[in-house]
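Next comes just one chain, in structure tokens: the form predicted alone.
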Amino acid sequence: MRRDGPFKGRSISVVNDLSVDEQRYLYRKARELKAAAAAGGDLSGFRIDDPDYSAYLIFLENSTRTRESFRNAAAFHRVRVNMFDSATSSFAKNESITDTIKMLVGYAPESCFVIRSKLEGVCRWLEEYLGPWAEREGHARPVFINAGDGKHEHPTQEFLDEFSFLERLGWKDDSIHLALVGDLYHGRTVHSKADGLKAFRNVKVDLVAPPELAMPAYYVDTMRKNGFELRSFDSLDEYLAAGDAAPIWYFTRLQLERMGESVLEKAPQLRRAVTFRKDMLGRIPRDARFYHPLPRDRRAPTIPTFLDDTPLNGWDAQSANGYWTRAVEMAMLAGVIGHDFQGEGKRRDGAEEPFVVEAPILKRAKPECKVGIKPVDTGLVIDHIASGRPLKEIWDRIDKIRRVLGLDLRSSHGVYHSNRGPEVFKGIISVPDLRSFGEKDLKKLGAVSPGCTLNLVEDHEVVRKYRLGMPPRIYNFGELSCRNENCVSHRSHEESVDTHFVRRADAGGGNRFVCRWCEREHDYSEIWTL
């Protein structure tokens, strides 16, 4: 059996780790596998069938359906299946997850790690850190599959959901009208739909949740950017009164374990807002189907048990589909299937635009100086700091530059008029005797104070001038921190994961900073600990 398909060695940390065409390929192969199994056909072309291939199932949070569907999928592949017991493992001895996985990589020629954890972004971190490490050490690059990480994503649940929707729609992907109902704030399965629904060419989504449980703005914005038509409602009663209800409903349970006390006090009202009732039956489309990632809360299910034996029940078949889609995912990443894939693959990160631009030097007998700033004979001058901003912001920026760059040496600084007008101010820091400024310091200065200029001075003349923009990536600075306490990089978890932010332009033309690991968005001011 050839195991050199185009997906070999890749990982699935988020939905977007598979392009839309690659997701559609997954659904087609899962459909083929399911049909072949039902017909008693030959399934060998889907199997890894290698007793030396190790599948590690590491579930650091409780799970039944995801864990068991992956266990059975791994058994289908006839590979070595390792159920990792975290309660009796080295995690109980305070070993980092990075060190634990690094050890396990060496125990088999090839390994696939299926991980569920409260640490958001853990699979992306392990993929990017341990992949290159394994190659340097002579091991096969390990595969990581995210089986749910905190409130972040659950990509394999999303893939089985989309497969189930396609199955319901007769495998037509031209359009879908879907209602998302329940706890949209904490539910990682609905968060994954912000990108997963791109498998359909035209998407209409109705968001049904009270304000306390509403979909986070980041995912709403993502849906809009993806061209989805959106409507929002505070309750099922409001939704049904508006008319044009969706034929496919996707419910989630209220995740009380993730809620604060103020929200818990309102739990009865919140449940009622998103729980289906018998008197609603006459107001939904005749061909409607209900879906749910499960489990349901047996005491207060949003889909009550009186619906179990009705045609509305789509959740039982949906749950069973997890076996087929996860078996195909494992086969793809092991290189068993994919040779017949045609379409657009995952886009690679583009070349990063330069953020340090060397500027022309206007020859002067001496560098420009300001009242109160001693001219620099040899050293550097940081100019145009927060130019045009309010005075307090300029002073704050000067202070941040000095602390982040460690400029606790002989120097001077101040706020002065800019050449742009008498009411426009800028900051200047003058540092004599400092002759070198490395690439990391340039990136740090650009990240702390984009728009400033750096002048290198020798013998009273500016010999180099740099204009600094905002770096496309900001990382490896001890002064950075992701504010998401569940992020794998958060210092409270002591995982020694470097903080890493990616800059993205927002709709208003400004910049937002997205954590590389957990994808939490931050304002510029939020990423600094100083």
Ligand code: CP
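Only a predicted model underlies this, so the values are computations on that prediction, with no experimental measurement involved. Numbers for residues come from their place in the sequence shown, where the first is 1.
One more form of this protein exists, namely the form predicted in complex with phosphoric acid mono(formamide)ester; it is left out here, but the text below deals with it.
Between the options 322, 427, 293, 182, the residue in contact with phosphoric acid mono(formamide)ester in the predicted bound form by a heavy atom within 4.5 angstroms is 293. The contact residue chosen from 141, 384, 116, 289 relative to phosphoric acid mono(formamide)ester in the predicted bound form is 116, the criterion being a non-hydrogen atom within 4.5 angstroms. Checking 481-489, 31-39, 44-52, 60-68 against phosphoric acid mono(formamide)ester in the predicted bound form, the stretch whose residues place heavy atoms within 4.5 Å of it is 60-68.
Contact annotation for residue 154: at least one heavy atom lies within 4.5 Å of phosphoric acid mono(formamide)ester in the predicted bound form.
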